[in-house]
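Below you will find one chain, with nothing else, as structure tokens; this is the form predicted alone, and questions on how it binds or moves follow later.
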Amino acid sequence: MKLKRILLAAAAASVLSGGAAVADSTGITDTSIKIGNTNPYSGPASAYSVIGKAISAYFKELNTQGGINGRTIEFISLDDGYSPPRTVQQVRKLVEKEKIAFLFQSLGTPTNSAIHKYMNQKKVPQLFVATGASKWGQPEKYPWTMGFQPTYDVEGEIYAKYVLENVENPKIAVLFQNDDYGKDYRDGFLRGLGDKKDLIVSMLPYETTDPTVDSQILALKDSGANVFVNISIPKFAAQAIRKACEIDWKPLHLLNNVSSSVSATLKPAGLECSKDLITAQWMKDPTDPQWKGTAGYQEWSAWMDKNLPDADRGDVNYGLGYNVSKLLHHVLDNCEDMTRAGIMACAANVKDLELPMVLPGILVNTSPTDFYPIQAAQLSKFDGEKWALFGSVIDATK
């Protein structure tokens, strides 16, 4: 059912300036919608490039079916190499030269941070960003920016709670990427420890320009830690897992969700070396046979067969690209006010939406005051072949 205009007007209050509606339809015509994106098709985070490829394939197929309400999608995805200065350059090109309607699923915490104020000053939606930093849910301060996945700080709290409840005499070592992404996870974990922060015996950063994290892993092992919190992107997560294995360091190993892909992280690290890793999941792991009989998995699998037949099905990021494309499709399909402010308002009025490759029981909900679409996850352990969920879904809103 179409959202009523009265609801749209109310929701749009979060993207108004001085009480006057922003009726800007740049990038939108009666026959097309121009959408921008930046993705690391090169550089240290290039493992995530499959998300951009999946989104491109989704809109390409959608256009063959007539687009969305008669509008074809012009999806322009540019490589930023996971470099904030390059992101600024590419996004300025998208906004000022290409005249996009909005930016969608731009990837990376440091890269999105570099354009955060710019997008809000320009009043161009920065929609469903591909990063779990907590800063993407501040509609009162940044009304043109909305997150997508569970936030890193909440995930960090989940890991801290697990350690406190399940490890006797924990001695904790932490590796984190030295930027907003890594610090968000780190700070959530510290918050989860509460007054037991002294359980941390070593905490070391790394830079995305570092060739390896081998020296950090050696130092973390030497600290005597029996718990290892691995806050790193796939390239460095794989290095950390492999190095810990090589030096026979076997702590309880907690791996941040953004590097939980079997294909992008665990296979390069070695599946045997990855055994017993624990992460927090919110998507269906495509390597887990329990999902193969579900309607959502079958929908995604059939779509992959048709549109990306040679892609690695073990990479959960293809599922992420499909999920977020379905979400945007839902928002645009149910939006009557096709202006920048109207689309932002529609994105802030999603109710109990089930996405195909999201875990059962986790629904998408947004409102004009809630810019966190997904706020739940479930712990999972890698058994050497696949992730195995355990416990129950943990909802950050409850």
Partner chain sequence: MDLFLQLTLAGLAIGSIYACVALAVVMIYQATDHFNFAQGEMAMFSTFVAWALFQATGSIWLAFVLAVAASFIAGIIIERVIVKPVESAPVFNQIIVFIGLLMIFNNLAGWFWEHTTKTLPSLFPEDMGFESTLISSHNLGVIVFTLALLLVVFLFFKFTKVGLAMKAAAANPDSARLVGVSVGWMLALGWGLASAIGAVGGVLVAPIVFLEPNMMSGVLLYGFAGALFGGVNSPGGAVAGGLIVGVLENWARQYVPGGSELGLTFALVLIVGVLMFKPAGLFGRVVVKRV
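The model shown is predicted, which means the values in this text are computed figures rather than measured ones. Here the rigid core means the biggest group of C-alpha atoms that line up within 1.5 Å when the two forms are laid on top of each other. Numbering follows the first chain given and starts at 1.
Quick note: we don't show the form predicted in complex with its partner chain, though the next part is all about it.
Contact with its partner chain in the model of the complex, defined as a heavy atom within 4.5 Å, is made by all three of Ala219, Arg242 and Asp248. Asp305 falls outside the set of residues with a heavy atom inside 4.5 Å of its partner chain in the model of the complex. Mapping the unseen interface onto this chain, Glu207 counts among the residues with a heavy atom inside 4.5 Å of its partner chain in the model of the complex. Using a 4.5 angstroms limit between non-hydrogen atoms, Ala269 touches its partner chain in the model of the complex.
Taking the partner from the other structure, its partner chain in the model of the complex has no heavy atom within 4.5 Å of any heavy atom of Val129. This chain is displayed alone, yet in the model of the complex one of Leu255, Leu94, Ala264, Ala101 has a heavy atom within 4.5 Å of its partner chain; that residue is Ala264.
Proximity to its partner chain in the model of the complex, taken as a non-hydrogen atom within 4.5 angstroms, holds for one residue of Pro289, Pro211, Gly194, Gly224, which is Pro211. Between 276 to 284, 143 to 151, 321 to 329, 308 to 316, the stretch whose residues reach within 4.5 angstroms of its partner chain in the model of the complex through a non-hydrogen atom is 308 to 316.
Superposition on the rigid core between this form and the one not shown places the CA atom of Asp305 less than 2 Å from its counterpart. Core-aligned CA deviation for Glu96 between this form and the one not shown: less than 2 Å. If you fit the rigid core between this form and the one not shown, you'll see the Cα of Thr131 move by less than 2 angstroms.
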